[in-house]
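Okay, here we've got a single chain as structure tokens, the form predicted on its own, with questions on binding and movement later.
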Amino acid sequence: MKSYFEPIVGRYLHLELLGKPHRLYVEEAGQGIPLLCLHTAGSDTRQYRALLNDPEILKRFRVIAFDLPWHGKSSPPAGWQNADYRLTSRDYTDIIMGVVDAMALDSPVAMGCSIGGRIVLQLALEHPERFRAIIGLQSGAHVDPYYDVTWLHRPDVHGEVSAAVVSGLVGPLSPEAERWETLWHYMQGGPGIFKGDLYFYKQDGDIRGRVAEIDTSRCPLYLLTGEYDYSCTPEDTMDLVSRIKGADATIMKGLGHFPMSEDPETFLRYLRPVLDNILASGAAGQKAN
């Protein structure tokens, strides 16, 4: 095998979030329209490794992914040991907008998966003028709790039980190496982080009562959902389409809850036409930052 470097550049961004200094890990590659990628609950930016390495996409898009505070290489704020981590809709939105402002991103495309697929709906509602388009992966307005999340914060079963919980959400046709890399990310999460993210996903982030207010004429909305997902089902996504005028949805055959990391090659075949469409409608999408 010939040795080589990937085009990804990783840096630490110092900024104030939620009233406290934070040190955030950010990866990026490419040039062009900013494409801000949001990872799933309990994981980190590594889920977007394939997208950050795709030469055709990198010719036209500046792909950016950051680890949420407490996740991956991003530190929790000072004093973290004295509080329980619990993600709320308000904090999640403020963190994303804080990063957009700190990096001076001009009309980025925001793309998020799972909890990221939920919060991008919030961005479309509250900040449509700030984004060129929104892409929701495994997006739904709500999910009822379907297992006891207290198991996700126990020192005796911590990382491995988190991976076990999500293992059934990976598409059955996913390549073995990518399947296990996706699960490895969950095994490495900080204590209590997955559980804290699920507070947003299963309780605080319920957006069912507001999705009909999303105006796709102000910010186009694209939804891509894997067919093998019992957490955010294709029916959940199609319910969004029925209530959001102008939303565009595609059900991705053979994929599960982590399309960008569990089977990147198949996922990119679905994503590229969406990005082409966003580029083609660029004139309409040019907005003041």
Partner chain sequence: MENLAQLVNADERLVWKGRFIDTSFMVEVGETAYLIKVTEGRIASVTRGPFVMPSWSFALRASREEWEQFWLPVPPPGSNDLFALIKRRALKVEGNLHPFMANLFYFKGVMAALRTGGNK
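Worth saying up front: this structure is predicted, and the values here are computed from it rather than measured. Positions refer to the first chain, counted from 1.
Keep in mind the form predicted together with its partner chain is missing from the figure; the text below concerns it.
Q. Would residue 170 sit within 4.5 Å of its partner chain in the predicted complex, counting heavy atoms only?
A. The answer is yes: residue 170 has a heavy atom within 4.5 Å of its partner chain.
Check your understanding: Would residue 227 count as touching its partner chain in the predicted complex under a 4.5 Å heavy atom rule?
Key -> Contact check for residue 227: yes, within 4.5 Å of its partner chain in the predicted complex.
Inset, instruction - May I ask you to check whether residue 179 falls inside a 4.5 Å heavy atom distance of its partner chain in the predicted complex? - result: Although its partner chain is absent here, residue 179 would touch it in the predicted complex, with heavy atoms inside 4.5 Å.
Please determine whether residue 156 contacts its partner chain in the predicted complex, using a 4.5 Å cut-off between heavy atoms. Yes.
In the predicted complex, segment of 92 to 100, 189 to 197, 69 to 77, 137 to 145 with a heavy atom within 4.5 Å of its partner chain: Correct option: 137 to 145.
Sole residue of 165, 105, 207, 214 within 4.5 Å of its partner chain in the predicted complex, by heavy atom: Contact check passes for 165.
**OP:** Within 4.5 Å of its partner chain in the predicted complex, which residues of 88 to 126 have a heavy atom? Give them in sequence order, or say none.
**Re:** Not one residue comes within 4.5 Å of the partner.
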